[in-house]
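Just the one chain here, laid out as structure tokens, in the form predicted on its own.
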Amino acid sequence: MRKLATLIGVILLYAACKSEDKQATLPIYGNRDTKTITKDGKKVVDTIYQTIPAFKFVNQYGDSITQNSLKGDIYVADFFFTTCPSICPIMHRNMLKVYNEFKNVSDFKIISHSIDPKHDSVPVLKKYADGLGITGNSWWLLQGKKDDTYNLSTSYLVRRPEESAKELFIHDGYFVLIDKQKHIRGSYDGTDEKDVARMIGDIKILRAETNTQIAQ
């Protein structure tokens, strides 16, 4: 009986070690395609995943921000407008938890796209950022041509913003997690504290996944 208990203990210990060796990874979302490539002299099928396309906007400091500005970064994106009376204040109250968790991490950013560029000028965005306590370059509030922003939203797999009859803006409240290859790795309800906490955990998983790839 003692030998059996010892054997079971060894098996459980081995299983736990194997579980730790198998690092958690996040799925890749969006459309995908395949192409045949030659690798090590052999033809293999490679998967091409959807990526976030190039863009050009201006942040709250008046700096031009493009995809190159995020090169080598994991980032979270969302869509908002500064005069939003409903979900945006809740979203950005929750996003502050993400900002405070990772603001000193050099390869992580947050970008928030304004869907009301007519009102949300650079000075307005800067005032909004100051009100949230945002400093430095960890969280950029972005403004650009309205059509460019609206078209970009579909690449993040969120609802395309629109204006209601009362001239209010309608948009999704999702936070979208993007990896260093510009792939979508997660989508989270920005108004739900538990979902945002899950995202914080997933950001850590994604950073660990990236560090492992670099080490290899």
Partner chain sequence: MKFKIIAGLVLVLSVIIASCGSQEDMEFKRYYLGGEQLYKQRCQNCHGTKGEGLSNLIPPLTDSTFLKTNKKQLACIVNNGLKGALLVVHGKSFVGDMPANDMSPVDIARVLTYVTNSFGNKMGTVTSEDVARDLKDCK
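All of these numbers come straight from a predicted model, not from anything done at the bench. Numbering follows the first chain given and starts at 1.
Below: the form predicted in complex with the partner chain, not depicted.
Visitor: Counting any non-hydrogen atom inside 4.5 Å, which residue from Gly72, Gly136, Pro123, Gly131 sits next to the partner chain in the predicted complex?
Guide: After the contact test, the surviving option is Gly131.
Visitor: Looking in the predicted complex, any heavy atom of Lys146 within 4.5 Å of the partner chain?
Guide: The answer is no: Lys146 has no heavy atom within 4.5 Å of the partner chain.
Visitor: So in the predicted complex, is the partner chain close enough to Arg93 to count as touching (4.5 Å, heavy atoms)?
Guide: Arg93: contacts the partner chain in the predicted complex.
Visitor: Ser86 near the partner chain in the predicted complex, any heavy atom under 4.5 Å?
Guide: Yes.
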